[in-house]
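Here's a solo chain for you in structure tokens, the form predicted on its own.
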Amino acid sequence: MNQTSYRLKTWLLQYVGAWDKFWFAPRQPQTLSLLRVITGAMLLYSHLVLATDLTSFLGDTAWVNNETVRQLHDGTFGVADFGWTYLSSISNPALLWSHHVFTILVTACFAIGFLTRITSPLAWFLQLMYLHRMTGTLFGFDQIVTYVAMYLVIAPSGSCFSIDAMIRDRFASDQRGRFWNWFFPAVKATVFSNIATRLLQLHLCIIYLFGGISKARGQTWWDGTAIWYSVSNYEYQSLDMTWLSGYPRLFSAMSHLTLFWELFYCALIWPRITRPFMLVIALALHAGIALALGMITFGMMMIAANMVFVSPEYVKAVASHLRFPKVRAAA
């Protein structure tokens, strides 16, 4: 084997090894478990909001009634299929309310981490059924919380910060076996935790990249007025930011920084040296959206989604410092 072939083979083996490590190196579950708590709380809040006026969103008398949704799904109106849902076939108010109460209970169990192996996929599936039914009444928050919940199904996200962890530690000496360990997994590094983390990270990168490309098509992001038009829009304004009109260079810099950040997030979030800066900008940007534009749940959920780039070791260290007994015992 000549020198060139040897170098090529070495490079390929290093590449394959790095790819294998990226996807299949075991990872601790602390970050995903914390994300489960936040995602579950956001899902629960969403379903409780629906409960304040359920028949306006579901049933034959809803703003978008069952027949209209079915026609949208089968392409009658020339609209792409949004997905199947059994909720478009339910019109009885009592049945709708029973289903919704069941959904709230399942989502609450998912949030607190009770029987997470069951409630995690069930909470995600129920949320998906609501999304497919509520065509025309969805916002960015609904998509974000649903995709995060989907990836949490893969990982043992109930292994810590959960009721499952309390049950496991309380009865660990009495109950052992494959069945028990599947329902109440130990806090340990697993390949599934890493796969779920990588999928979440890549999905977030794609969201920001396409968001940046979409912004780049608009003139206001290039001339620096986009931020001003956003905060001065009374339809969304929840915090008076009109004082920015006296500082055109400031809102122009904010517009250009936002555009740059979204376009290059997918590249700069991976190196350790640039990751903290990207996360700080994400925190500032989405906190600003939450406070100034009234999109509190969306802003909070996007901040939570960015937490997937925080290492489990850091989450464990912070939790131990805050004296969470389960994490301290696991450490």
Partner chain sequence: MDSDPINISPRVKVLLSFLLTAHLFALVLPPLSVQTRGPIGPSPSVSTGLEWVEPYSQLLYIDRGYAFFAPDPGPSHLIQAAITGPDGQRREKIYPDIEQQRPRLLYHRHFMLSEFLQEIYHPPGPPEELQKVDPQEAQYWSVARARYESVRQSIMDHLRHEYPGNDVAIARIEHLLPNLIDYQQEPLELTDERLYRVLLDQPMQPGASE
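Worth saying up front: this structure is predicted, and the values here are computed from it rather than measured. Residue numbers count along the first chain shown, from 1.
We do not show the form predicted together with its partner chain, though everything after this point is about it.
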*Out of F139, W97, Y86, F171, which one falls within 4.5 Å of its partner chain in the predicted complex, going by heavy atoms?*
F139
*May I ask you to check whether F251 falls inside a 4.5 Å heavy atom distance of its partner chain in the predicted complex?*
yes
*asked:* Taking its partner chain as it sits in the predicted complex, is T61 in contact with it (heavy atom to heavy atom, 4.5 Å or less)?
replied: yes
*asked:* Just checking whether E313 would be counted as a contact of its partner chain in the predicted complex - the rule being heavy atoms within 4.5 angstroms.
replied: no
*Counting only non-hydrogen atoms and a 4.5 angstroms cut-off, does I195 reach its partner chain in the predicted complex?*
yes
_For the interface check, one of 264-272, 295-303, 33-41, 277-285 should have non-hydrogen atoms within 4.5 Å of its partner chain in the predicted complex; which one?_
295-303
_Within 4.5 Å of its partner chain in the predicted complex: residues from 12-34 (heavy atom criterion)_ = W19, D20, W23, F24, P26
